[in-house]
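Taking the form predicted on its own, here's one chain by itself in structure tokens.
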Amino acid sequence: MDFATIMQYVGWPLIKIVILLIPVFTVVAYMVWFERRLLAFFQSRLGPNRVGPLGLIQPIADGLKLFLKEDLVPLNSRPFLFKIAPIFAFFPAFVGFAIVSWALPWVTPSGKVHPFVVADVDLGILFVLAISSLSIFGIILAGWSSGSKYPLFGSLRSASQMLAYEVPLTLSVVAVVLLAGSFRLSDIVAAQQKMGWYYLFPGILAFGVYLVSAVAETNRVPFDLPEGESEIIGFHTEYSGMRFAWYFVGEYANVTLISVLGTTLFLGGYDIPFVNDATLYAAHPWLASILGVGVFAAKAALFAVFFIWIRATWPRYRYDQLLKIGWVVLLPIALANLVVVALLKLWLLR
């Protein structure tokens, strides 16, 4: 195997992964700072403002504190499972970023094409749904291996909650896939540009189901019962130090991934509003790519603001209400929308 082949199949993908993970880790870390600052604004407080200008070094201080804290393992726990459980919550969230198309490919003057994606696979969104569902194992293992009944109850609560909302979330994504006719995320973005208004009505219903289900899937307020401040049965009750940090970072990584996927599926991804992307790309490929990344980031930031805004304004549901919304409200809406999308697709293909 020559050097060029090694670089094609090993070298360049590793370089892309490193280039991708550095900004992703940075965004996840500073999303915590952004949330604390925005919540403080909503609640007429100051928020973090001591460590660095505007508190910008606070995430680094928090990470250092968790790194230096004592890592305790309960005597009644199953040590091996207790130690590896955070991996299942942390790892899947970051894998999903690898198949997201961030912009149109960069074309060099020599004609070489550099796509803004690590792997634009055919079954892109299906891969993300499959890999993200592994995070439930981290929650179940954490509760069961802790050797305490309270984390066990918390993990069972969380598992039933994630199941109740994963079904309507998947159905909302299936509606988008049916409209686009492809699982590839770049094809879904192209379909939104092509279909225009035909995408709007079924897309809005699917978008609403996706938003509510995504909040519940990531255990965020008002659906944060498995780990809410008023609860004593959180699945990570027995965790401390860096193992608790993996769950904490995993949650914010999931919020970021959900925001990125929502942008791709419903907001046109890197499509620049009120601009003919094809014309701009034909004239200035580098400008279209750079603007595409910026537009994508701005749209994803709107999702992140929505998650924080909901946390600041919405009261927590009871557990029976939480399950009722998932099974009785969102599931029928998602199924009805899927039927509408199928009929619309048949009409368009006539």
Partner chain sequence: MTILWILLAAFIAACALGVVLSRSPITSAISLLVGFVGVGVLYLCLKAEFVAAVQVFVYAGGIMVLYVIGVMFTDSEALRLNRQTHMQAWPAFFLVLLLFLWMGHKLYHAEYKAVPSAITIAVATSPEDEARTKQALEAKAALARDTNPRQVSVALFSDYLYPFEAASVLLTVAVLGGIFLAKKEV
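Bear in mind that the values here come from a model prediction, so they are computed numbers and not experimental data. Positions refer to the first chain, counted from 1.
As for the form predicted in complex with its partner chain, it is not shown, yet the points below apply to it.
Residue in contact with its partner chain in the model of the complex (any heavy atom within 4.5 Å), chosen from Leu267, Val176, Ala245, Leu129: Leu129. Checked against its partner chain in the model of the complex, the residues Val118, Ile140, Val212, Leu280 give one hit for a heavy atom within 4.5 Å, which is Ile140. Shown alone, this chain has one stretch from 259 to 267, 272 to 280, 119 to 127, 212 to 220 that lies within 4.5 Å of its partner chain in the model of the complex by heavy atoms: 119 to 127. Taking the partner from elsewhere, Ser133 is found to have a heavy atom lying within 4.5 Å of its partner chain in the model of the complex.
Though the partner is left out of this view, Val73 does not reach within 4.5 Å of its partner chain in the model of the complex, counting heavy atoms only. Though the partner is left out of this view, Phe207 does not reach within 4.5 Å of its partner chain in the model of the complex, counting heavy atoms only. Looking at Trp144, you'd find a heavy atom of it within 4.5 angstroms of its partner chain in the model of the complex. Relative to its partner chain in the model of the complex, residues Lys16, Ile19 and Ala103 are all farther than 4.5 Å at every heavy atom. Applying a 4.5 Å heavy atom cutoff to its partner chain in the model of the complex picks out Trp144, Leu152, Leu156 from 143 to 158, in order along the sequence.
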